[in-house]
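Quick heads-up: the structure tokens below are two forms of one chain, split into structure 1 and structure 2.
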Structure 1
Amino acid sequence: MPEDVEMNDSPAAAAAAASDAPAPAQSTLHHLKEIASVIEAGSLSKEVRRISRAVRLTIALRRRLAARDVAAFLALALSPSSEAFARLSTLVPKEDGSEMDVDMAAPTAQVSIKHGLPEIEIYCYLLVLIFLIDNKKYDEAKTCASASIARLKSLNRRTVDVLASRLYSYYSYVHELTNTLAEIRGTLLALHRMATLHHDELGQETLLNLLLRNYLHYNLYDQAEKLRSKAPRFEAHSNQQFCRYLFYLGKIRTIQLEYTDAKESLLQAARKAPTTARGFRIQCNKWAIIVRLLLGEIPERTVFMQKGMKAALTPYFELTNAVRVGDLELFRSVADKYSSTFSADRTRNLIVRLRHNVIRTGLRNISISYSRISLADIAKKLRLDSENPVADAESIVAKAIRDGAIDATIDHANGWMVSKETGDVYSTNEPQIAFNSRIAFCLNMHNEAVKALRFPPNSHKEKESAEKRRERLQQEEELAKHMAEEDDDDF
């Protein structure tokens, strides 16, 4: 029996259907206006967290930026007679007017932007600089970055510090892309001095990392260490900057043969880095693997099998295997096979240091396997390719005995190495030392976690209203949403 079909022609049904339809997407220009209103509110209320939120929103929006959006936003945010508008508008490429993105996608209230605020002006510099770098217009980006740095030198406002730290990073980044880092070293030092005088701790943190990166780029490790040791110290404000600082500190300590401190810094940097920063974590793991090998440790297999890192760490896995076996010939072949990779990672000089560790590991395996063996056989097993391998083997064995690497004696008359019986490790203090180091690590991690807790100011004095609670929850949701994009961009 045919069913009657009900026709919803009433106005109420039409209105309900319209409300169920998806809302049109807001244009990029509209999002930029909202970001500008957030910066304006943060400037007027002197709340730095609002400026940080605006930066996070911009990073999430950067993939959608087009020249027409940036040009339209500059016309709205800056006064047409201002020097900043005249400078920035010439750097943004012009597009066909017929393709202008009309901001009528969502029928929302118009957002007015107050002219003359330094935060809005600095944000315009940052927006144009990001757009030029993403479009690979490096010459124009260098011009924009230099102009923004000149403008920042005349400002001393805490609400500008977050934007300024981003500008410093992109200023150094664009010069690194054009291989002109040496030209800006003096400027970075002057900016660091200015940030110190202005008590801009986030700026000091950022600029110190940029200077360390500048020095390490040209292998100036001594100068980097002098700067690091004399720079003022304070509590870290940015997790990303603190991770970078630990990585640079680990590299400096490695070059200075302070392997224990270097290992701690590199592993801590790899742990603290966000999971989206895969390239940064790969670099930390590469250096940490080399440092652990230099310390005589063998990294666990799980280190090389981490998600997304297996291919990048393959050369270091084969190198670790050669060191573990103590095969000098295999070590040479791996070093030659991946020489280009090690040179690109700037770890080739460290791998040269590993040769002694390979010999010592092979000698330790020999001393465990044989109670007595001739020095000529030791030279043959270690594959020493010198003119007098027996004499070299004797000196290597003597040094290993002196350093405590093996427990043996040399019979010079017969040309033998006589190994002593292996003792019980549990009768020594080594287990206690190992447990103590693990306990100290756990306690240190707990203390750092407690220090990292943050609470809103005067939260214990005044009760939170319902409106403020809704605003706080909304900001926390936005922070969680955009955290991945921010971390990905930072690293």
Structure 2
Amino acid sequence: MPEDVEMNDSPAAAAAAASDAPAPAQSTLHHLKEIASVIEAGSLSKEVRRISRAVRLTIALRRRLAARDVAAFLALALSPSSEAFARLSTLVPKEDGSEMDVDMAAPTAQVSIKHGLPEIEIYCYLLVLIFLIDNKKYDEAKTCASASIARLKSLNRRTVDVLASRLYSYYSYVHELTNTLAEIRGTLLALHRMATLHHDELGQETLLNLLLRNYLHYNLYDQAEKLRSKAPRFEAHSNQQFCRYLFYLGKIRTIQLEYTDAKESLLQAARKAPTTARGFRIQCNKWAIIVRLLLGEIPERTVFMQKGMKAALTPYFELTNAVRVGDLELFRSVADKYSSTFSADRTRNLIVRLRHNVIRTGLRNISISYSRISLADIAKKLRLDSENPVADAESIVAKAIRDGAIDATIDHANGWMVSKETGDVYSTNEPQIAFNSRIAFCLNMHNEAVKALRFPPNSHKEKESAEKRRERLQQEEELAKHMAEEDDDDF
């Protein structure tokens, strides 16, 4: 089938006088036709995998799409009388010249592509939408997207789901680029309802992520959390969607001050993301670093030195330095220096929360290194700027003791802080707990190894002859006597 198309195209292309660079144009169109045939095969055999493959091929083709290819493909794939064709061809900008020639090839090639397949129609919508977005024609893209959503509402086929979920993401993307996200929230919610009713799990996943992204764009964290907690959850179909979900979940948890959950989600998202998605991984890492700082642990240097992320993570590296040292002045200067970066990343409020952590870390360092230190000295070391630094230092230390960050007492009369002895850790239950976890791990490993054992195939075991058996028994007797003699020797 593809060969026929190719042969029919080449005379037409050769005859075209005004067509420039016929070979690449032909191969793009050729690829598009291949993709169309894959979709056709997939829909006829109801195999969703082929449709996903077709989508992947399209994405690979994205950069080489030109207006005339799209127009030509539309002419081939859709019957000229359908309203889809009419709508879509108005959206694609016209290029004069080569259109006429390709139209001539159209009648012969039309036989290969069946009309009336809804998948082909939706695929055309998708193709035009991608093309318009890449050429930055956002208004036409919006009309195209809305038209496709209207068309999708009447369809309910598994094979269309893959294409539909891509359409939804581009629909949301184009609105995000033009800053009109708030308008489509109602539509997205209705689509999500529909996907749930149709048991379209991929669509549900995609739409949930799009909705969360929508809410988080406007900082409506409480509404996002309400939606997420009530939406049905299931096994993830697409790795990318799962990564996105984990990232949004991590963000929501950070704002709600549940730092442990947030750290888990964000680190998992950064790990599962494909290595090509560098921007996404950078964002995950930025938030993960801040969450770890807020939890009181310092991320190690290797986190910042990952390939390709060094430049983007530099502000966070300096911030970590300031927190580690416990120096308020340095922290303030770094926060001011990079305030524009932090505002762009929307992490500014989180950085403000870090101030408290800087003081705690500084206090912890002081308490460990001094057995007794006056409150005035503490105030000087922490560089607290206030009218009454000693009194402030006193109350800060009191709060830190209450929260369990440091182990000390304050002697008000003499105005100093006395650190308690760290105490012998071996007299507590700590070693036992550590031992227990290690022992359990080793025993688990042993059990799993035993389960994985397989006996060697011993189908050819020779029967022992009588002689050999006698020999063996004799040897065992001698061994036993030997061991008994040894024991006697010991006494």
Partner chain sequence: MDSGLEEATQKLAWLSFACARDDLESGVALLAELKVLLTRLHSLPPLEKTPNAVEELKIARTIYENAVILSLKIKDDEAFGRNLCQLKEFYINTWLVFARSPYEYQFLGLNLLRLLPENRISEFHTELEHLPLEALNHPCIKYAVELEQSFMEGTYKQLANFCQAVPNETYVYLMDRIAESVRDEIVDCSVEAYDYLPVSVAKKMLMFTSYREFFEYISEEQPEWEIKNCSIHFHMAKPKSHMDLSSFKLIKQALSYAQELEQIV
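Numbers follow structure 1, counted from its first residue as 1. Here the rigid core means the biggest group of C-alpha atoms that line up within 1.5 Å when the two forms are laid on top of each other. All figures in this text were calculated on a predicted structure; none of them were measured in a lab.
One of the two isolated chains is the form predicted alone, namely structure 1. Once both forms are fitted on their core, the CA shift for A67 between the two structures remains under 2 Å. After superposition on the rigid core, the Cα atom of A41 is displaced by less than 2 Å between the two structures.
Relative to the superposed core, N444 has its Cα moved 14.4 Å between the two structures.
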